[in-house]
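We begin with a single chain expressed as structure tokens, specifically the form predicted on its own.
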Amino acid sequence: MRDAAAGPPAWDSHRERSTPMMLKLLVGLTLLAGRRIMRTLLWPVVLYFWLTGGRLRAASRDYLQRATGRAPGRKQVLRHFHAFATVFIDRVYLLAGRASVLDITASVPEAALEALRSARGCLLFGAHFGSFEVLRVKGMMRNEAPIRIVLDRQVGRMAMSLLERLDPVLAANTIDASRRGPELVLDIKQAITAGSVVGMLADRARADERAVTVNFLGGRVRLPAGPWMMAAALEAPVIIGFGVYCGGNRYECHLELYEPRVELPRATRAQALEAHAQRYAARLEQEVRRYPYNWFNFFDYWLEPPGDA
């Protein structure tokens, strides 16, 4: 049995299971063949990764059982893999300016709209769930506010560099999280001050960063503390967003105002930090249970082995 106190292997330590040539070929085929044909052509790619990725299959089975309450079979695991691959090729279309091939709808309450349109800027927290790219592109289509994304360019470097070539604007507006420290905080602060929406993913903590342990899908997981500390320091509104893949070519954007201002009182800082992270985890769990094939964490995510959950 793995030592639960040591935690699972860090997600950012996993190597990319592809090559620059394979990714370039996949992107080229995606743009050339069209979406309907490409979704069919994805199956050989999906089968390859399913057959050769024992750890990926095990992680998918563990997650799907937690999310659905039922032991998944091969069909369910393959569907999970295919959903991930579909969202990837749809990201290619979005970055290449072909959003018209997708049917994207948005549900945005008035409170969230006000925060998005505010000149003071805001933070948008997402997850490795569905398509964060859909949220970004839909926001640009609605012309609500300039959007800047916080991404670690050192994670998934091959795919990142290829996708950024499709959309130089995205590359120019990306805030590189690999630097961390005061420089990263200053970049985010400047973007917020300029009235931008700054998007970041809040569901994965790196091994060397401060994290909060919370309950999620019947187990214990580490969530990054940084987003909540950043929100409190910047006194910026926080919006939670999910770009849900609904099958076919349909996506739904769900955005909601989390808090107009996140507070971490000095006297109860640790407890307040844990409360915010747990509240976020509970909200993410609701979406994950509704749309289980949308959450794309194909690695050992929980702090305890599956049998101990």
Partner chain sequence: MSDSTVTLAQTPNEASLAELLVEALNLEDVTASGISPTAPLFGYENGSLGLDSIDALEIALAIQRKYGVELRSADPGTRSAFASLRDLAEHVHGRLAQA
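Residue numbers count along the first chain shown, from 1. For clarity, every value in this text was computed on a predicted model and none was experimentally measured.
Same protein, other form: the form predicted together with the partner chain, not shown, and the subject of what follows.
- Annotated contact segment (heavy atom within 4.5 Å of the partner chain in the model of the complex): 177-185, selected among 94-102, 196-204, 75-83, 177-185.
- Although the partner is absent here, Gly226 lies within 4.5 Å of the partner chain in the model of the complex, judged by heavy atoms.
- Residue contact check for Thr213: none of its heavy atoms lie within 4.5 Å of the partner chain in the model of the complex.
- Although the partner is absent from this view, Lys189 contacts the partner chain in the model of the complex, with a non-hydrogen atom inside 4.5 angstroms.
- Contact check for Arg269: a heavy atom falls within 4.5 Å of the partner chain in the model of the complex.
- Checking Met230, Leu135, Val221, Leu116 against the partner chain in the model of the complex, a heavy atom within 4.5 Å turns up for just one residue: Met230.
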